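First comes one chain, alone, set out as structure tokens in the form predicted on its own.
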Amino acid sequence: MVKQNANWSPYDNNGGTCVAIAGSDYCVIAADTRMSTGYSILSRDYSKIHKLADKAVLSSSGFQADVKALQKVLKSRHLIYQHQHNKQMSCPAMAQLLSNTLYFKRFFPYYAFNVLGGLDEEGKGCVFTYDAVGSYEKVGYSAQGSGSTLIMPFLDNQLKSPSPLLLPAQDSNTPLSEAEAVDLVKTVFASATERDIYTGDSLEIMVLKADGVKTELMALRKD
């Protein structure tokens, strides 16, 4: 009898796309609401955006079971921080916590591809982009997920972030107004949905500003 090789995997990829853009006094975080496996749609109304603190919002694609586990760990660590410091974490502090949490699990990683967006201590927009094992970078804009290879060239063309190697360091935040950034996000998702079967159904857009959070939904194609 020939022994069969086990093909079970602890991971799945549930698809979906996340985008974040940092502005002078705002941050736009957006993701589609489709959750898939293979050629099956599991849900057409699944939010990939999670508010971690008043000034920090996480958007994640990849394996959604791992994403949920990661959010649970971050929530408990943030609660401990609040009890110890009597204040919420800033977005840069949350970015470092997320990096440490992912790196701690590097030998059996969370299969999650994250974009963290929010406001820094000065009230400026900030975006941090990650790989699965916690390597991260502060950028002016980013995309993660199944449609990221379609969206990033579009954003590079429209926003042209300066090289991080330039000295003195240049501000990476986009010069666009809040309304222009939201319109750009809607355009890139409408475009990606045409070519990526794992992105679609609805677009959830969250805009963070010093005076609060605004959420908007936009329909995408359902096929």
Partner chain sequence: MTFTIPIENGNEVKNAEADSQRTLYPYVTGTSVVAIKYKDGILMASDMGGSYGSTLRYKNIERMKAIGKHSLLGASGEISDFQEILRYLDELVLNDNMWDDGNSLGPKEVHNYLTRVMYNRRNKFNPLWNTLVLGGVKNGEKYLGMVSMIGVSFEDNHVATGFGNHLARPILRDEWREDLSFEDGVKLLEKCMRVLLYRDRSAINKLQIAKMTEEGVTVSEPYSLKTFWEFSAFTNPTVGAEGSW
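Numbering follows the first chain given and starts at 1. None of these values were measured; they are calculated from a predicted model.
Below, we refer to the form predicted together with its partner chain, which is not included among the displayed structures.
**Student:** Consider the chain as shown here, without its partner, and state which of L176, I197, I41, A190 has a heavy atom within 4.5 Å of its partner chain in the model of the complex.
**Tutor:** It is I41 that has a heavy atom within 4.5 Å of the partner.
**Student:** State yes or no: in the model of the complex, is some non-hydrogen atom of F63 no more than 4.5 angstroms from a non-hydrogen atom of its partner chain?
**Tutor:** Taking the distances in the model of the complex, the answer for F63 is yes, it comes within 4.5 Å of its partner chain.
**Student:** Considering only heavy atoms, tell me if S9 and its partner chain come within 4.5 Å of each other in the model of the complex.
**Tutor:** It does: once its partner chain is placed as it appears in the model of the complex, S9 has a heavy atom within 4.5 Å of it.
**Student:** Is the gap between Y110 and its partner chain in the model of the complex 4.5 Å or less for some heavy atom pair?
**Tutor:** The answer is yes: Y110 has a heavy atom within 4.5 Å of its partner chain.
**Student:** K68 near its partner chain in the model of the complex, any heavy atom under 4.5 Å?
**Tutor:** Although its partner chain is absent here, K68 would touch it in the model of the complex, with heavy atoms inside 4.5 Å.
**Student:** Specify the contacting stretch among 24-32, 160-168, 41-49, 182-190, defined as having any heavy atom within 4.5 Å of its partner chain in the model of the complex.
**Tutor:** Single hit among the candidates: 41-49.
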